[in-house]
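Shown next as structure tokens: one chain only, the form predicted on its own.
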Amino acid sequence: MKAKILIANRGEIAIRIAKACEDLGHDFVMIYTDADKDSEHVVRYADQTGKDQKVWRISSYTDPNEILSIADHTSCTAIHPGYGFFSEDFRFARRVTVRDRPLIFIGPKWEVIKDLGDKINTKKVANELGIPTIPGTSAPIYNEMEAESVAEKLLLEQREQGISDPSILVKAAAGGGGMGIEEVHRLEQFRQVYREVKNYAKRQFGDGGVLIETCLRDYNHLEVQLLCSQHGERIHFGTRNCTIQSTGRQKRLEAAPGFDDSCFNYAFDANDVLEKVVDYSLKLAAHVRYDNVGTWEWIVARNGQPYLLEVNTRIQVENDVSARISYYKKKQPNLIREQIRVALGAKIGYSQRKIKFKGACIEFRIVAEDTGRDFAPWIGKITRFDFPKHDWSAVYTQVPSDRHYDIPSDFDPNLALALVWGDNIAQAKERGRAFLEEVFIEGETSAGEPMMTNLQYLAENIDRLLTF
């Protein structure tokens, strides 16, 4: 089935979706705001006009009326939300699919997004299936006194376990991507933090439900990449490790597979733990009849105990980390292409035993930021932007290399995703160091101050990958 797909996103993911559409023979339309007029995702396709016009200006990426208006005007038959924005908004997905002129939403069905988008509901279902979750609330909390009672109990349990500095996390139940999470160390801090998170959750997600959990400090953050279809097929593309994050819980380095014995002397059987989180993820996916790409996020404690954290019902920024260690017919799959195929009704067409895992991959999120000041964003003009090219690396970016580029202040200053892979994690690390040394990014602020990036931070943290 040939489709015309509106890409309801920006930057590097918009470019990757467009390339996937081209590979599959689908037409597509892109959108942009004034802040992104110089972005590569706009400029690359701006010369196509008339009935072939590919890019359309809108006032906001978060205005559903504008997006659907463009979709109707250009006779689109599907919408790809990318990540962020509307990608996990079940109301938008529902509206897209049940309107008078229905469109295909390239993602899971809206009912699944709704059920798994609520962390508390996900935890409840997981517990019913015997899937381990982090100690804490198992139902939405809206009452401050009830919330404080739960907080007191969790802090006391940690003290009884001999934890010298116990803490809890207060989380927006409908949040995601590290947003809407605050840590509390003392009970007297709790009420103020609870109110802040509840108000943030209401404002950002339209739901003031709050989740309270024990804060696990000594852990690794793992993810399981799944691909499911409308025909009941479910396969995985292994695990990845996303433990190295900014102070705002935004990922900076990711690696696949999730553990490797050459990196650390684990107090558990690493392969056994990886198999467990994959099996648990597939079990939950089968229960909810998941039907697109998705990521199951896990916390693994130092003793090897896994806890389900949440489910991301969208394509992940780091999806290609998993693809680069996966082989089907001796080729690395493109998970965005696979996502589009199954959303349009196709079968996956191959089984798990046809997927072979080989080697290791590392992704570096290159960001204009001051890592020494809590990863504060840097805004200015980029005057040089050069990356090396190797047959073991890939770069995804919206920043042009042939002209100056002003970083938009409207969005996070993410510049590029750089991936390197090798026959094993040691080789991937070695190639990662060499790659970063060959990157040249220069620029300045309006006051002439030199550009700041996290390149040095990335290089310095390579050896921390897959360790506790």
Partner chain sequence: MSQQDTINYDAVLSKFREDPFAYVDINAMHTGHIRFHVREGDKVEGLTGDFRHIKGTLLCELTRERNQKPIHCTTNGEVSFVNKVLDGQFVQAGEKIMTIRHPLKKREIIEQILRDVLVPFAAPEKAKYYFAMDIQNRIEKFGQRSVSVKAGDEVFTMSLMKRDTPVYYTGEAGIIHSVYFKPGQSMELGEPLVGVCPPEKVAVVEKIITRVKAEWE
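Residue numbers count along the first chain shown, from 1. Here the structure is a predicted model, which is why all the values come from computation and not from measurement.
Below: the form predicted together with its partner chain, not depicted.
Considering its partner chain in the predicted bound form, the lone stretch of 72-80, 317-325, 381-389, 211-219 in range is 72-80 [heavy atom distance within 4.5 Å].
Shown without its partner, this chain lists Asp423, Glu437, Asp27, Asp412 as candidates; in the predicted bound form, only Asp412 has a non-hydrogen atom within 4.5 angstroms of its partner chain. Note on contacts: among Gly304, Pro135, Pro377, Gly349, the single residue with a heavy atom within 4.5 Å of its partner chain in the predicted bound form is Pro377.
Its partner chain in the predicted bound form is not approached by Val399, whose heavy atoms all lie more than 4.5 angstroms from it.
Though the partner is left out of this view, Arg95 does reach within 4.5 Å of its partner chain in the predicted bound form, counting heavy atoms only. Although the partner is absent here, Thr49 is not a contact residue: none of its heavy atoms lies within 4.5 angstroms of its partner chain in the predicted bound form. None of the heavy atoms of His404 is located within 4.5 Å of its partner chain in the predicted bound form.
Contacts with its partner chain in the predicted bound form, taken as any heavy atom within 4.5 Å, map to no residue of 214-237.
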